[in-house]
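What follows is one chain in structure tokens, specifically the form predicted alone.
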Amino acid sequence: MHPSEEIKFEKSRKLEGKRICLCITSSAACIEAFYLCRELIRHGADVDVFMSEEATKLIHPNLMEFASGKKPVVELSGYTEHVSLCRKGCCDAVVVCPCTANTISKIALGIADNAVTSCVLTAIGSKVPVIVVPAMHLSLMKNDSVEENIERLKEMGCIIVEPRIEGERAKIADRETIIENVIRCVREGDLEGKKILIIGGASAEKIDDIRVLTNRSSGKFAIELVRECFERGAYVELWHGWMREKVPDYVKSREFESVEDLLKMIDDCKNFDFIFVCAALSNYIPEPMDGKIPSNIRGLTLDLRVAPRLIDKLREIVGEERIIAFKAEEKEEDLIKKAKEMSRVFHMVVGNLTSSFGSDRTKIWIFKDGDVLEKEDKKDKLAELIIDKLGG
């Protein structure tokens, strides 16, 4: 068994049975291709590697053979690798990573003069999804001809994973963003055309200029919902408070701190088809004190007022039928009673116990159309179940 088989399915089975052609060109960022190849395999993919001759001067084909378990295609042979590996029925997606200005322009002009460009143009011609991940100096990226060619690739149906702009460099997108775009390409796009807003994380209410009142929410459920909706084809935005989880780069995000901050944003939610409110928002807000409260005060008392309820404001703006509300309680009997009541109003209600905050595994109750589904699992699996139950 080749060592690449040992890492298969380490992350997930989302790419199980999928064949991905990874095309590498001669950007300095091509060293990332090794790690990307391994990550694709960790999600279950079979990877065929194509390299331009110039790319082999930066990383050796032996390295990519080790990464994928297959000999890379550097030069086309009588086996017609571009046809036998890259057309529909043989390949599920082509990823050009990194993609230079030179290769972008060749593809846009229909030039098939090496293994990489031949693979990509064959894929485009047979309607196989093509993901292009540019990486170059910013002056090249901003060249009028290159910009026009990038637009041409979009017109040809290619997905462009935008680079990270740092100073004068258009750096390769982060690995997670590339992987998520690959999964999005090959998964069933049952949410395509839908606009979904996820509101997650913990609010933090000011006590003084240094201290805040917050809670133990990690924001993990929100991140898993974002990932699931994105992978299934939706346009997704994340509005988040404090989070222990990394906020993904592959969706638009906006940050809030307090409940009042979030309420100021709420008018922007009118155009979403569904709004998930899984944020852990403060029920009480302290009257903030100026400066820093001295550390030597004993028996300090905080004055708290009741916080405005986000869910009430949302109902006024978008109506109940688009809201997926989350309810957390300490005791199961209290949770079920209150969530059932809420489910008569909202599109769907998801209940969980406060003991699950910050953990990777939890139990949830889904209330929809008078039915209740109870399930315990890891949060990524539960996010998939919640979206399955979303309906129209």
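Every value quoted in this text rests on a predicted model; they were computed, and no experiment measured them. Numbering starts at 1 and runs along the sequence shown.
Just so you know, the form predicted in complex with a small molecule exists too; it's not on screen, but the next bit is about it.
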Heavy atom within 4.5 Å of the small molecule in the predicted complex: which of L58, I336, M342, L353? L58
Quick one: of S126, T177, S253, N102, which gets a non-hydrogen atom within 4.5 angstroms of the small molecule in the predicted complex? N102
Kindly indicate whether S203, S282 and I311 are, all three, within 4.5 angstroms of the small molecule in the predicted complex, using heavy atoms. no
According to a 4.5 angstroms non-hydrogen atom cut-off, is E329 in contact with the small molecule in the predicted complex? no
Would E54 count as touching the small molecule in the predicted complex under a 4.5 Å heavy atom rule? yes
4.5 Å heavy atom contact, M136 and the small molecule in the predicted complex: yes
Flag S118 as yes or no: does it have a non-hydrogen atom within 4.5 angstroms of any non-hydrogen atom of the small molecule in the predicted complex? no
So which stretch, 19 to 27, 377 to 385, 364 to 372, 6 to 14, is the one near the small molecule in the predicted complex (non-hydrogen atoms, 4.5 Å)? 19 to 27
